[in-house]
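One chain is shown next in structure tokens, namely the form predicted on its own.
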Amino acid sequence: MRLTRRHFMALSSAAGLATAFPGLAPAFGASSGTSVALLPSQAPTGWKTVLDKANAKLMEEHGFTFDAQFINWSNYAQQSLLKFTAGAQFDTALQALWLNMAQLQQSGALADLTGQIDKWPNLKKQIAPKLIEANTWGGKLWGIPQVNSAGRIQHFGIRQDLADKLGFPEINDFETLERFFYAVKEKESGVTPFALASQTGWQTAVATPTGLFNQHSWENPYTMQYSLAGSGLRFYFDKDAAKTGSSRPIPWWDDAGTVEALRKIRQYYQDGIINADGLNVDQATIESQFGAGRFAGLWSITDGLQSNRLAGLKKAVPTAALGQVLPFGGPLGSVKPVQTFQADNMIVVNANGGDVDRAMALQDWFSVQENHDLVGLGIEGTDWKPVGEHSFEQLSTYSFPSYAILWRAGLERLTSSMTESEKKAFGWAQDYDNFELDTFASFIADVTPVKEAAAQMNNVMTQYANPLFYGVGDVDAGLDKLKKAADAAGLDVIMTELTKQGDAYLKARAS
């Protein structure tokens, strides 16, 4: 009988082997069976071949296999939530504060992973201590952060070829970017200056610390929004809270810079600078239309993946080029935007049907370069080939949602087609020292005391706030309706509770 590494460990002295082969020790506790993960998106082309090879190696080394249930992005939030509440059998799932993570944690659906990372040496090596600290709530860790950079700054991806053609070779501020958009509208027939997708929502105006069209936030990226999970309500804490000890939260519509952004968006909607169907069109459709050359710009984030759009775009526009615009009014490094270092994506473990040891063993296995490359990039020589030490060339259409389960900042290979503009932005975003930690970085609002009001507020945000974020309708009339509906839903109750929790957080932070 051929012994797997797990069998070998089981038949031997764990203590002795751990001394001789320290990297093997965690496998001793791993379970058998299949570690199933709920992941957004679709199975990549060639997935079975990759999965078979990965599972042969995983079985050899750990004694279990891996499988993924892919769920389309448009249904992921609802379907993954249903699987948790229905008691489905799976180990892990992508979750996040912008999905249902806080709700799941508060309902006891997530396994407590506190202290787990220290047991898995490969994983521990790839996860920065600051990242763990920032993603620990109330002293407990409820998921493994999936990040490939330190800070996440939303910004603009633009058609650099059009910018060069129209006389905007370098864009470093909001006014110049706006002039570029209007020049596109005037001179490039059939091209809409900027594309908005329905998933973008509040990010058009609310500071994170930057909102897409929040000019004040671009020039002053020092305010971070927070959310009352499950309510859709975004709010800001007082900037002087650390000094005064008083959190004094306000809803986003009481911030002048955010409201001014709504007026900008409305203007862009009326002038045809943004697409008129942004409220209803999904991101996949927008990406497809951008690839067909129908837009001059779209939402981007500092994740090092934005240059991937170029290959498809060049099929429609062979002379196309891409640029990244982070209009901080100066070169990167001239300002330090605030960040929470809270991960946008987390891998959580199902407390009512998952296997913590198996889930953590898989996360540890993904933290080895060879395994990370195999699942993330596919078969070497077929799907990709290395370029230098840290880059790769894509050879096939294999596309796995690595951000959902195996992002490790130190293991990510850069695509060989990455633009110089994105290399600069991504390199800057990977350094924790380029950001300031926000006062409320580890604050997570507990929705339980105001659960009923939060549920009503979610409907208010969908009905009255979303149209404003896409420029649909008059701003003043829309805000008036929004405020009246929010008051009726229990805004006072919610803000009182947020003040209580924010002040308590400050007090605990100071002690």
Partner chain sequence: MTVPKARAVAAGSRRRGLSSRDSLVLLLLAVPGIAWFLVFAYGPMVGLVVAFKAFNIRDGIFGSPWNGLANFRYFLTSGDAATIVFNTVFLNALFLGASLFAGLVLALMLNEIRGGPYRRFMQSVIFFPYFVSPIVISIMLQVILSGVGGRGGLVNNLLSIVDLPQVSWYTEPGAWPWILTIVKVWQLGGYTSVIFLAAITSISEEVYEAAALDGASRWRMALSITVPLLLPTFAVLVVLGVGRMFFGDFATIYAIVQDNGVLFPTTDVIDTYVFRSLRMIGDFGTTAAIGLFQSVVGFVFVAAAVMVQRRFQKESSIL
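Numbering follows the first chain given and starts at 1. Just so it is clear, the structure is predicted and the values come from calculations on it, not from any experiment.
A second form of this protein, the form predicted in complex with the partner chain, is not displayed here; the remarks below concern that form.
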Which of these residues, 424, 165, 179, 294, gets a heavy atom within 4.5 Å of the partner chain in the predicted bound form? 294
To verify the annotation, which of these, 467, 33, 449, 46, has a non-hydrogen atom within 4.5 Å of the partner chain in the predicted bound form? 467
With a 4.5 Å heavy atom cut-off, would you call residue 147 a contact of the partner chain in the predicted bound form? no
Would residue 84 sit within 4.5 Å of the partner chain in the predicted bound form, counting heavy atoms only? yes
So, in the predicted bound form, is residue 312 in contact with the partner chain at a 4.5 angstroms heavy atom limit? no
At the 4.5 Å heavy atom threshold, is residue 104 in contact with the partner chain in the predicted bound form? yes
Taking 4.5 angstroms as the heavy atom distance cut-off, pick the stretch from 107 to 115, 359 to 367, 428 to 436, 333 to 341 that is near the partner chain in the predicted bound form. 107 to 115
Check 69, 161 and 203: does every one of them have a heavy atom within 4.5 Å of the partner chain in the predicted bound form? no
Residues within 4.5 Å of the partner chain in the predicted bound form, restricted to 451 to 477 and counted by heavy atom: 451, 452, 454, 455, 456, 458, 459, 462, 463, 466, 467, 472
